[in-house]
Structures are given as C-alpha cells and as structure tokens.
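Presented as structure tokens, the chain that follows is alone, the form predicted alone.
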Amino acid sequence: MPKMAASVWSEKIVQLLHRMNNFYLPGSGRSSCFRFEINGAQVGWIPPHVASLLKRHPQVFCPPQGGAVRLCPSLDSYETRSQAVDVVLQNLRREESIPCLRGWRDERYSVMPRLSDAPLMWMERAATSLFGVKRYGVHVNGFTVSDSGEVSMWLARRSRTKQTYPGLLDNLAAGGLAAGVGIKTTLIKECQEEACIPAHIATQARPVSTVSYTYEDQEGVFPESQFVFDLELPVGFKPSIGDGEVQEFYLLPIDKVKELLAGDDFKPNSAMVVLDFLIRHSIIEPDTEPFYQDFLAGLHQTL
C-alpha cells in the first residue's frame, strides 16, 4: 500500500473507531443521560426523551432523581421486573412514537451490570438502546490459509431486507446473545443458520478476543461487546446461504479485506472485528502503523 494511501486508510479507521465510541467523546449526550438503576446497581443509560416518556408509568419507574431513573423497589424479582417493563414497552410500541420499537423482534436480552452478574431482568432486544443496557453478541471470522501461507477471509453480504445495515458486508456469521443462551451455543446456531456450516466444523472455532464499544445515535445508547472467534476453514469449503439473512458470501485476499475496511461498505462493528483479526494475525504491525495503539484502545473500551 503506497505511503499516502496507507495514511488515508489509517485516518479512515480512526474515524470509524471514534464513531463507534462517540458516547465517550466530548459533546456527547452522556452528560444529559440518566443512569438506569435496578436494586441499587447501574445497568444502563437513559436519554432524556425516554426518561420523560417513562414518567407516565410511575408504578414501574420512579421519577428521575439524583441523575438516575430507577425501577420501583416493589418490583423485586427477575420475572416481575421483566413483565412490568415489557407491558410499558408494548404500550409505547402501540403508540408508534419510538422508531426503534417498530423493529420489535420478540428476542429477550438479559439486563445486568456485568456479564458475570446474575441477570436482574430480561428486555426486548429492540428496546435495549432506549435504556442503554449492555448487549452482547458473537462474531465469527472465517478464514483460509493456502499451502503457501496466504490468508483469505470469508465475508458475508447482508440481505437487503435486513432490519439493520441492509446490504452491507459482514463477518462470516454473527448474532446477538439471547437471554439464557450460551456463547458457544449461539456460535454454532448462527454458523448453521446463516452459513450452513455444520456443527462439527463450527465447534472448531477458537475464542480469541472481545471487541467492545459504546455509541449513541437517534435511537439511543449502544454499549456492546462482541465475543470474537476465529474459524479456519478447509481451503475447499464454501459456506452457503441459510436463513436468508445473507445474500452472498465472498472469499477475498486479506489485503482486499483490509482495503474494504476503510470504505462505507462494511457494517461498522463487523469492520472492528476484522480490524481486531488483522492486528492479532500481525497483518497490521506497530512499526508500520502509527495509529496502532489508537486502534487497540478503540477496539477494547470498558463498557
């Protein structure tokens, strides 16, 4: 890559990482958000416009106080909290005043301060950004290594009918971590459903990293952490379209994949997962990449 092109590429990647961590940047909405607390523990960030809607449900949410919106203490179990909040969300969904709830998925996500903590409740996936609760997922880098040692990577082109990021490039397989479902189970399920990769191959994927970031947009706050797996596939293996969430798979030389990261054709968090792969496999090295440490910091923010 010529020196000038390398410089432009690096700047584009820094911009991507800033965008995906904009909640931490000066001037973000963080200072105006309310902490979302359950039983004394912070589990998210609620934007002001959401907090004002929640005031209409005092039997579920206490009025904002001391910079926090709290679930009412009378909701003292996993199930009572989950059901009470779900009723509020179903009401908001019917009003159609919140765009993200139009993408209702009937998928339950766990709500807790940290992944190591016991879940305090579940919440509909489409609503998680309204409360800024942490979301976890699994992303799989599918790659091959030729006899001469050249690395190529499998990328997926998302279906044009996907609710989010339609038509953009993605990792070989990926999916959110639903309440009560394990990480490896999610990996095997997504590999099978999206790319028709049989379980005996998918189980060879190695857990190698996490990629974590927090961004905000008009739909709310997104603190996310992706469990990253590398899956080396046999040179002759070809993934195939499964559940229709992917329209096409491509096997590309790693230099081409690196070039694509700096464009607008990649789902942003999937681009971060590929960037992490390039660093771990020494395709990006500190002697030749002046923003090496910036890349690492941007990929591994504390949620």
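Numbering starts at 1 and follows the sequence shown. Everything quoted here is computed from the prediction, not taken from an experiment.
The discussion below concerns the form predicted together with a further copy of the same chain, not included here.
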For the spot marked by R70, F131 and G176, is every residue within 4.5 Å of a further copy of the same chain in the predicted bound form through some heavy atom? no
I'd like to know if F291 sits close to a further copy of the same chain in the predicted bound form, meaning any non-hydrogen atom pair within 4.5 angstroms. yes
Applying a 4.5 Å heavy atom distance criterion, does T80 contact a further copy of the same chain in the predicted bound form? no
Any of the heavy atoms of I183 lying within 4.5 Å of a further copy of the same chain in the predicted bound form? yes
Within 4.5 Å, heavy atoms only: does S116 come near a further copy of the same chain in the predicted bound form? yes
Single option in P207, P198, P99, P166 placed near a further copy of the same chain in the predicted bound form, where near means a heavy atom within 4.5 Å: P207
Partner contact check in the predicted bound form: of 167-175, 199-207, 139-147, 153-161, the stretch with a heavy atom within 4.5 Å of a further copy of the same chain is 199-207
